[in-house]
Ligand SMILES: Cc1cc2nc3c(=O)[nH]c(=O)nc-3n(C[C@H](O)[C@H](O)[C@H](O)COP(=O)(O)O)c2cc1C
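Given next, in structure tokens, is a single chain: the form predicted alone.
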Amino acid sequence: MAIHGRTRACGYTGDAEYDTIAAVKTEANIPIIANGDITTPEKAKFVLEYSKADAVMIGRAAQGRPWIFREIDHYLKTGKHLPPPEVAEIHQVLKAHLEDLYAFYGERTGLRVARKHISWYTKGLINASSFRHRMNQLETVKEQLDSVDEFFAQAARASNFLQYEHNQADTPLIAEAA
């Protein structure tokens, strides 16, 4: 059973609470999955230890950051962080994601649905705000893919790793790996 640490009335505001999940876990004879505000490997470890849940569920934190699952898995197993994904990998993952969106929704709807996914992948990145604004003006899949390619080519010329404007609560500040 999955339990979210926030009520419906809270919506996406406030912090998730894990006391209720822990209380249910002590009484339940079924696997309990904790959910809510799990955005980092450290938070996943904390929630698992605090609530004694059998697993955690990741929601919004995976939007545009699908590698969070391997980061959490590695951290739980080793206590160490993986190096951040390189620009080339993120570009490749995004492009595959976009191709799947276009194939599933068709070109017209896929183009529009892809905009929010592109926004999630580029949230907080240097020069991403103007890029996302331009992205919303594009009318063809080719224009969208070409624009994504150019954005990530520029990012790769600057560094092997994505560069963020500032450290955000949901977005880790990524620096060059040693």
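Just count from 1 along the sequence shown to find any residue number. All values derive from a computational prediction rather than experimental measurement.
The same protein also has a form predicted in complex with this ligand, omitted here; what follows describes it.
Worksheet item: Though only this chain appears here, would N35 touch this ligand in the predicted bound form if you measure heavy atom gaps against 4.5 Å?
Response: N35: contacts this ligand in the predicted bound form.
Worksheet entry | R132: touches this ligand in the predicted bound form, heavy atom cutoff 4.5 angstroms | Result no; R132 lies far from this ligand in the predicted bound form.
Fill in: Exercise: M57 in contact with this ligand in the predicted bound form, heavy atom 4.5 Å
Yes, M57 is a contact residue.
Worksheet item: Just to confirm, Q63 within 4.5 Å of this ligand in the predicted bound form by heavy atoms?
Response: Q63: contacts this ligand in the predicted bound form.
Worksheet entry | Proximity to this ligand in the predicted bound form (heavy atom, within 4.5 Å), stretch among 135-143, 36-44, 23-31, 149-157 | In short, 36-44.
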